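Before any questions on binding or motion, here is one chain by itself as C-alpha cells, the form predicted alone.
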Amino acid sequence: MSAFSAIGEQREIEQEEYTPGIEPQPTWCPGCGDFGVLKALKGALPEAGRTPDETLTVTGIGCSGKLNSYFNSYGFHTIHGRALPVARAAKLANPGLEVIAAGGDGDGYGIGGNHFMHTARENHDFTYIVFNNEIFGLTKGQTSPTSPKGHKSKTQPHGSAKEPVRPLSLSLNAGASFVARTAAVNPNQAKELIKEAIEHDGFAHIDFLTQCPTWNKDAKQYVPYIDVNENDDYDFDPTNRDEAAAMMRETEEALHEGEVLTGKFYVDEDRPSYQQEKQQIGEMPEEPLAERYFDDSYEWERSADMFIDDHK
C-alpha cells in the first residue's frame, strides 16, 4: 500500500519486504500460533506506514524469541525476560525507530515480570506483544505464569496449585495506556490491533493467545472467540478506566471456561509517554541520541552532519 513512512517518505510498502531475502525454515511446530503473530505483524506494519529499516524487533528467549529470525527488520535477541529494558533503551536513544518487543508468557509475565510492570508504569512508547500459550513451550511444557490452576505438567504433575497471572488487569493497574487481547485464530483482528498499537503514543500491550499443539494440547480456550468491540452483548467504553477494568475481569475469569473474549480493552490517548514527559522536564534532548556522538572536544554533534563534513 502507499503510505508515508516514519521518515516522511511516501512510497509503496509491501508486506513481502518484511520477509528475509533468504527465508529461513521456521522451527515452530506445525499448527503453532506463533505463525499467526508473524503474519499479523507483517500485515500491520506496512498499513501503519513503517518500513523494515525503520523497525526494530526485540525478543526474549523461547519459541517467541525466534520471531526476528523470520522477520526482515533490525533485530535484537536478548536474554530471558530482558526484552523490555533493551526495547526501552533503543526507543529512548532513537525515537524514530518503530520498536516492537516480543516474548512469551513465561518470558514476559514470569522472568521479566518486574520489567513488564515498570515499563507499563512509566508508559514507554512502543508495542509489546506477548505470545501467551499458557506453557513454557521451548523447554518442553513446564507450567507457566498463565497456566490455569490445576494444570498438570512435568513440573506440576499433580496439578498447579497457583492462580494464573491476569495479564490484562496487571497491565492496566501498572499503568499501560493501551491494552488489548487477540488470538492467532483471528488474524484480521490481530492485524488491526497491532496496527493500532503501533500508532499509539505510549506503552501498548497486546496479550496474543497462541495455541501450542505440542505441549498444551488440552487447552481449549483459543476458539471460538468473541470480539468485545463488535459484539452487542458487551457494552463498555474502552476509554473509561473503570469500565475497562470490569471488562478485563470478566474476560480473565471466563478464559479458562472456554469463553475467549478479545479486542481493545483500554486506551488512554491523553496520557503522555515517558519520552514526552522527559522532554517536558528537560531531561531529554529534542535531537535523538542515536544521531549524536561524543567527540574529543566534548561537544555533541549530529553524526550525520559530521559524516557529510568528513566526506566532502
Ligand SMILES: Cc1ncc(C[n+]2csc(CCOP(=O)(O)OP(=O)(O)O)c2C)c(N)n1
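Worth saying up front: this structure is predicted, and the values here are computed from it rather than measured. Quick note: we count residues from 1 along the sequence shown, nothing fancier.
A second form of this protein, the form predicted together with the ligand, is not displayed here; the remarks below concern that form.
Visitor: Are any of the heavy atoms in Ala190 no more than 4.5 Å from a heavy atom of the ligand in the predicted bound form?
Guide: Outside the cut-off, so no.
Visitor: Although the ligand is absent from this view, report whether Ala120 comes within 4.5 Å of it in the predicted bound form, heavy atoms only.
Guide: Contact check for Ala120: no, nothing within 4.5 Å of the ligand in the predicted bound form.
Visitor: Just checking whether Leu138 would be counted as a contact of the ligand in the predicted bound form - the rule being heavy atoms within 4.5 angstroms.
Guide: Because a heavy atom of Leu138 falls inside 4.5 Å of the ligand in the predicted bound form, the answer is yes.
Visitor: Please determine whether Leu67 contacts the ligand in the predicted bound form, using a 4.5 Å cut-off between heavy atoms.
Guide: Looking in the predicted bound form, residue contacts with the ligand do not include Leu67, since no heavy atom lies within 4.5 Å.
Visitor: Can you pick out, from Val165, Leu172, Ala90, Ile111, the residue that has a heavy atom within 4.5 Å of the ligand in the predicted bound form?
Guide: Going through each option in turn, the one that passes is Ile111.
Visitor: Ok, Cys63, Val58, Leu45, Val37: which has a heavy atom sitting within 4.5 Å of the ligand in the predicted bound form?
Guide: Exactly one listed residue reaches within 4.5 Å, namely Cys63.
Visitor: If contact means any heavy atom within 4.5 Å, which of 200-208, 237-245, 152-160, 100-108 contacts the ligand in the predicted bound form?
Guide: The contacting stretch here is 100-108.
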